[in-house]
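First comes one chain, alone, set out as structure tokens in the form predicted alone.
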Amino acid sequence: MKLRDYLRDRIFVYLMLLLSVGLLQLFLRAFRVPAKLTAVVAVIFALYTATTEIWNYMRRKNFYNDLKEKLEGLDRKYLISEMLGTPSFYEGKLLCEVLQESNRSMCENIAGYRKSASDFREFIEMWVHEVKLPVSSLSLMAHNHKNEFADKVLEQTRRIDGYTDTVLYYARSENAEKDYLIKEVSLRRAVSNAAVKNREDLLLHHVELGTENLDVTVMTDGKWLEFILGQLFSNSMKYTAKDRQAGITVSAQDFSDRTILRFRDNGIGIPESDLPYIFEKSFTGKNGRSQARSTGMGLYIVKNLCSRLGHVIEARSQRGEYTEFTITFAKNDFYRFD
């Protein structure tokens, strides 16, 4: 709180005080009060005003400066009402009461929204599990009655199954810490399982899959990692180049402090202008709008899951040449149990 701001806010009060002193001087002169006495009255009035104003200014300055300092130091600004002491002036007490009441109301509203979001998430998870039953039945029926129409049904049921998995993982990604188990996972097994789940699409797009140096274990959750790899497989097959054989290479580099998994395809690549935004929610980019129907959610979920698992995912690409995703797994002993 600056002095000039305080004085500017009180200027009307000071003008009224000057007017009152002027009228008092005229009144005293009218009754022929000696000039020295009127001067003493004016000085006493001025000293009183200055003393009370300085006292009020210092009280407010200390309170508001403390308020501002604590607010700047808080990550969660809404907790400011819990950090303030009881001020010594009425306006400050009123402000504290207002902050506490608004904070209480905000917490009640947030609790309501959280319950609503939790109920909706539970419903989505239940719905996904329920819808998987008819999808599995359709797949089984198509397998048992092989023909050209059955193959088309299988392709569509695989797509539905993939989309429902994405919905389920998105619903759980906000609270993934309740649903993962960190342990040593073989990269070769995780890549193999993800490839098996996407084998029909890999065969359909005639993708040549190559692996290098995957005999490495990392600390992660195997189920979540397979989903992440499945999303990368799906993205690569959406944007294959028409003028060459589609290929995907998955390799690993093992270092003393980290392991890096590289997922590289030879597809159409990502435009340089889109690359910084591909992990943002609902971002589809030029490829998503022109080449395939994209929701922009797959890579967002992948990024979210990697962050919660403590991994770092990055992407680089050259338009018309390749796209490469790297997932970095840190090495530490926090999750090891010997």
Partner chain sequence: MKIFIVEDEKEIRKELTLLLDKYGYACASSDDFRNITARILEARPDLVLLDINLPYQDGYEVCRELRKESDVPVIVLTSRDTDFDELLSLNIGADDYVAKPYNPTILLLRISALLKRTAKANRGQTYRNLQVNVARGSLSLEDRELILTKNEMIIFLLLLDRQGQIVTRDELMTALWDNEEFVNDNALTVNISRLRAKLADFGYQDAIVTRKKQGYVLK
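Quick caveat, the model's predicted, so the values are computed rather than measured. Residue numbers count along the first chain shown, from 1. Whichever C-alpha set is largest while still superposing within 1.5 Å between the two forms counts as the rigid core.
In what follows, reference is made to the form predicted in complex with its partner chain, a form of this protein that is not presented.
> Check whether H145 has any heavy atom within 4.5 Å of a heavy atom of its partner chain in the predicted bound form, and answer yes or no.
Flag for H145 set to yes.
> Hey, in the predicted bound form, does C96 get a heavy atom within 4.5 angstroms of its partner chain?
C96 lies outside the contact set for its partner chain.
> Answer yes if any heavy atom of A241 is within 4.5 Å of a heavy atom of its partner chain in the predicted bound form; otherwise answer no.
Answer no; every heavy atom of A241 is more than 4.5 Å from its partner chain in the predicted bound form.
> Does Q156 make contact with its partner chain in the predicted bound form, using a 4.5 Å heavy atom cut-off?
So Q156 does not count as contacting its partner chain.
> Flag this candidate site as yes only if L71, I110 and A117 all have a heavy atom within 4.5 Å of its partner chain in the predicted bound form; otherwise mark no.
The answer is no; none of L71, I110 and A117 reaches its partner chain.
> Please identify, from 253 to 261, 126 to 134, 101 to 109, 85 to 93, the stretch that has a heavy atom within 4.5 Å of its partner chain in the predicted bound form.
Among the listed stretches, the partner-contacting one is 126 to 134.
> Taking the rigid core as reference, does M237 move its C-alpha 2 Å or further between the shown form and the other one?
No: M237 shifts by under 2 Å between the shown form and the other one.
> For a quick test of reading the superposition: does E108 move by 2 Å or more at the CA between the shown form and the other one, rigid core aligned?
No, its C-alpha moves less than 2 Å.
> Superposing on the rigid core, does the Cα of N193 end up 2 Å or more away between the shown form and the other one?
Result for N193: no, shift under 2 Å.
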